[in-house]
Ligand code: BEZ
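Take a look at this one chain, the form predicted on its own, written out in structure tokens.
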Amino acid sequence: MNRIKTLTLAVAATALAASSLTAQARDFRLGLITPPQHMWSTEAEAFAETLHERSGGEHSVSVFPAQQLGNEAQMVQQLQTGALDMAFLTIAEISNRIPDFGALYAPYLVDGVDHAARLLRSDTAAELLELMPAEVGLVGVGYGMVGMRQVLSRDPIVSMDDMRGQRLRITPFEPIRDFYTATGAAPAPLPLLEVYDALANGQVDAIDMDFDSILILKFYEQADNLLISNHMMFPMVGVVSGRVWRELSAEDRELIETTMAEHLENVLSGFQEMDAAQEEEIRALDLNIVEADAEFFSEAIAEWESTWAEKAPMLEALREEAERLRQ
């Protein structure tokens, strides 16, 4: 009888332990705006696989690319309520809510993707992530990026005067809007997946874009003039909902943080490795290419600086760090 009682208690304890593990298991949801073939999306899928493996199958991540869960502003709202667990977001949307992040878009802050990656790995850039829990209710895990910004246009741009009045597609956020407004262009916010048709039907005259997206989404089929300027980097941040983060155990937080950070690093290093080859591929296309540097945009840069030096106090620290990393 005692043996039966002991076995019954053991079975009950095992069932309780299993039930506890099941309660802790999560199927996280991760949203992002890039199409499935984009590196952000492929690394999000790889993150999901790694987390599932390292958690012994306890956790899974469902990835929703291509704005399936809405635009970034909508995803941030979902993250804040806990309806969405994780996201890979452009810093653009974060800078609309925390102006200091706008400093990362300072024109010619960095020389290229290698310099940008070094800056995004720095302690100075990490300090910005510490603002996110209090300011937007998100936990910033680390940075990714795409390549440097260029201007692809239907008509040639050989001087900044040629940009005046051009309806130019941008990602909707203030730092880039202010920059292109200062050039005399008419910034036109537009979702990434609508850009091809907008170029085709003349809804926009030009687009702010990186080599990777120009190639993947074949924007060059609808615009054959390229201003290679490398005037601005375009960072991404991996985030977890603050509400969700508070529900996680210390072990799960560490697991998610370290695993996501590894895949964000893959994004940084991946764009570093691809950049030269992508530029070579772009230059091999039948495009009219014009080179531009900071002097090309000097008036616009001065106007941008006069606005953002005050709005984003971190700009000075980031410039100092960028200069140190340039040496």
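What you see is a predicted model; the values in this text were computed from it and never measured. In case it trips you up, residue 1 is the first one in the sequence shown, and so on.
Only in words, not in the display: the form predicted together with the ligand, which the text now covers.
- This chain lacks the partner; the member of 103, 139, 204, 209 within 4.5 angstroms of the ligand in the predicted complex by a non-hydrogen atom is 209.
- Among 146, 157, 168, 117, the residue placing a heavy atom within 4.5 Å of the ligand in the predicted complex is 146.
- Heavy atoms within 4.5 Å of the ligand in the predicted complex belong, among the stretches 33-41, 285-293, 46-54, 257-265, to residues of 33-41.
- At a distance threshold of 4.5 angstroms between non-hydrogen atoms, residue 90 is in contact with the ligand in the predicted complex.
- The closest heavy atom approach of residue 179 to the ligand in the predicted complex falls outside 4.5 Å.
- Looking at residue 213, you'd find a heavy atom of it within 4.5 angstroms of the ligand in the predicted complex.
- In the predicted complex, the ligand lies farther than 4.5 Å from every heavy atom of residue 186.
- Contacts between stretch 185-201 and the ligand, counted in the predicted complex as any heavy atom lying within 4.5 Å, involve 192 alone.
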